[in-house]
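Have a look below at one chain only, the form predicted alone, in structure tokens format.
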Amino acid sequence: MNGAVTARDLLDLGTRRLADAGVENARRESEWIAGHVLGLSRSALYAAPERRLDIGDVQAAEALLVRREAREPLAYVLGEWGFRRLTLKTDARALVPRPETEIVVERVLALLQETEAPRVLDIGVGSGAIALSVKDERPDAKVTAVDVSTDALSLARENAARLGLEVELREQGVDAAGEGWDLVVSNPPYVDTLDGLQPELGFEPERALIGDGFHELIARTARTRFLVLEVGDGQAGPVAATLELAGYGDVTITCDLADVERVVEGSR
């Protein structure tokens, strides 16, 4: 980007470059990047199309566009991402918080409606999206979150501190589920391979994505009244059967906003 650059120029150029890089919704993502650099909402961007960028804005926008052209996830490029009522710091230490996982939190909150001061365990805390949202929306909950990744735990701690939410964070694995809880929740690794999937996934921590057998391990280990698990496409039926074999009742499957079977829950 050379010479005088306006907000409209940035939006148009960003759209073209991201589209050429194969980014879906290139215009919307260009709006996100321009708004981030200029500190403007989407409506404000379009209300001031002739606003000129100073050299610092131009350099910042160029750096972000280059990263996104390389197909680094937009949430990492921007450094923060919205999840339910929270804005979380996001980087390659943990998975990008996804809209479908918001349905997991929704089910957790629904199951805990009649439980006072519930003890909740989140296995695989990542950025802290699930654990911090539960604490935010159920302040009386005693939330513990574990992860085997020290990088993920450090990011979750930063988010907890930024948001002023008190959650116990531990470096621990699935065995924590056996301690006894009102509810155990997890979005465990469930992808077989990254082959054929969008290139953005290659920037995310592999061990948080690729894995098999975690749903069954959690179901059999957990000492809990309620269990809530996020699952991949086509996995809901088998995971529901696993919960039933492990002694859970009222096993239910919930779809996400794209009508994909995304959450399996049970009680005992």
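One-based numbering along the sequence shown. Source: prediction; values computed, not measured.
There is also a form predicted together with a small molecule; it is not shown, and the following applies to it.
- Exactly one listed residue, out of 208, 240, 45, 61, brings a non-hydrogen atom to within 4.5 Å of the small molecule in the model of the complex: 208.
- Residue-level contacts in the model of the complex: of 156, 123, 108, 143, one residue has a heavy atom within 4.5 Å of the small molecule, and it is 123.
- For the chain shown alone, residue 194 is not a contact residue for the small molecule in the model of the complex, no non-hydrogen atom being within 4.5 angstroms.
- For residue 214, a non-hydrogen atom is located within 4.5 Å of the small molecule in the model of the complex, even though that partner is not displayed.
- Remark: residue 78 does not count among the residues lining the small molecule in the model of the complex, judged by a heavy atom distance of 4.5 Å or less.
- Contact annotation: residue 183 falls outside 4.5 Å of the small molecule in the model of the complex, judged by heavy atom distances.
- Here the marked residues 101, 129 and 189 all reach the small molecule in the model of the complex, each with a heavy atom within 4.5 angstroms.
- Shown alone, this chain has one stretch from 132-140, 110-118, 157-165, 172-180 that lies within 4.5 Å of the small molecule in the model of the complex by heavy atoms: 172-180.
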